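To begin, one chain is listed below as structure tokens, in the form predicted alone.
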Amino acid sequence: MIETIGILGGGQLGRMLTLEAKRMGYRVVTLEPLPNSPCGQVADEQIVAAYDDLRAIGELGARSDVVTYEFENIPLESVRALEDGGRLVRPDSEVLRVAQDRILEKAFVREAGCATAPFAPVAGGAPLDDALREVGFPAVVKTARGGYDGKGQWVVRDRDEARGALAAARGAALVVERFVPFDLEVSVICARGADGTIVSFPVTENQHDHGVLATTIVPARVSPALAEQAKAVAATLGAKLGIVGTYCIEFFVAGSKLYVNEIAPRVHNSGHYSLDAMQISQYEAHVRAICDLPLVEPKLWEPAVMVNVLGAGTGDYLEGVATLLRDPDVKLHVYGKRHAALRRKMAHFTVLAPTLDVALAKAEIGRHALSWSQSRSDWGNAARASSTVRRP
């Protein structure tokens, strides 16, 4: 019987996963290098250690009945060490091996019969010029491993820009993709159980700020046929990978065509809205899947818009919270991070409304109500946020 869940990673995804797991009666132990992490603040225990500290990894395994992860840029060797020690890890190391390497990931998607943008690897001595000749301009040069939130990516329009990207990559393995002139980006979150059951959340439309997710719109403004196609592709990829848990497939939409952009084998930023807009969140679905509990089809109560509250680099105190929360259709989640660095994900809020147009309008009003300051200039408006955002 599963009583304790171990989480590799201590960020906001782990925090929300922990809160749902605790609500369902589970204990949670997290491993994260930085003390007082967002996840560690709400978990039963936090092991403060590096992700490649195999002694600490073994300790996490010994304290947990199942181990999961909240992001995929963790050492594969650490997950394999857990499995070699007889520990249950979900999703398993083979899923992680594919998902954390863009070259392997894109090859897997192609082999599964799903479309990606044309791509060519630049690894193992393969010249960049050969890849560019195959893919063409404009192109996107990406590090094969470790990139996230727009990091490790360069749009290149000619060979000079491509060589600049190569220099910036500092010897990392790369993949070159043809730039797809897409209409919008969408994602599908699914949850898959060990018995093969798969449930899908609504298709979401995602808007970014310099590569960082800024807004999620639910349901996505695409045709019903395209939405069903995206769900079918997501289910196919999850089944072929053998994922157990919640996962996300990101797509580019170009006309009537879908191109798989990325597989995230974990709970995902674009699924935050599910905490407030659905009868089952992506986090509860993940707990159910990894703990062998039944999965149920998610139901969307109303159209919703999720807005990420990103740091501005201008201060660590969030202003305007009282103004934001005067709207009864708004729900705010703050992550407990100390410093609001530029475009760091500090919090999010979700707006529910009878129509998307209304939700979008309210989201913009809420976005403009918030700002960052260096001090508590307005005690009644900022102190409540800073007590969570900034801890002593």
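Remember, it's a predicted structure, so these values are computed and weren't measured experimentally. One rule holds for the numbers: they count along the sequence shown, beginning at 1.
From this point on, the text means the form predicted in complex with a small molecule, which you will not see here.
- Stretch-level contact analysis of 312-320, 292-300, 259-267, 83-91 against the small molecule in the model of the complex, using heavy atoms and a 4.5 Å limit, identifies 259-267.
- For the options R97, K231, R145, R178, the one in contact with the small molecule in the model of the complex, meaning a heavy atom within 4.5 Å, is R178.
- Checked against the small molecule in the model of the complex, the residues D276, E250, D101, E284 give one hit for a heavy atom within 4.5 Å, which is E250.
- Looking at F71, you'd find every heavy atom of it more than 4.5 angstroms from the small molecule in the model of the complex.
- Taking non-hydrogen atoms only, E185 approaches the small molecule to within 4.5 angstroms in the model of the complex.
- With a 4.5 Å cutoff on heavy atoms, A227 does not count as touching the small molecule in the model of the complex; it lies far away.
- Put simply, V140 is close to the small molecule in the model of the complex: some heavy atom of it is within 4.5 Å.
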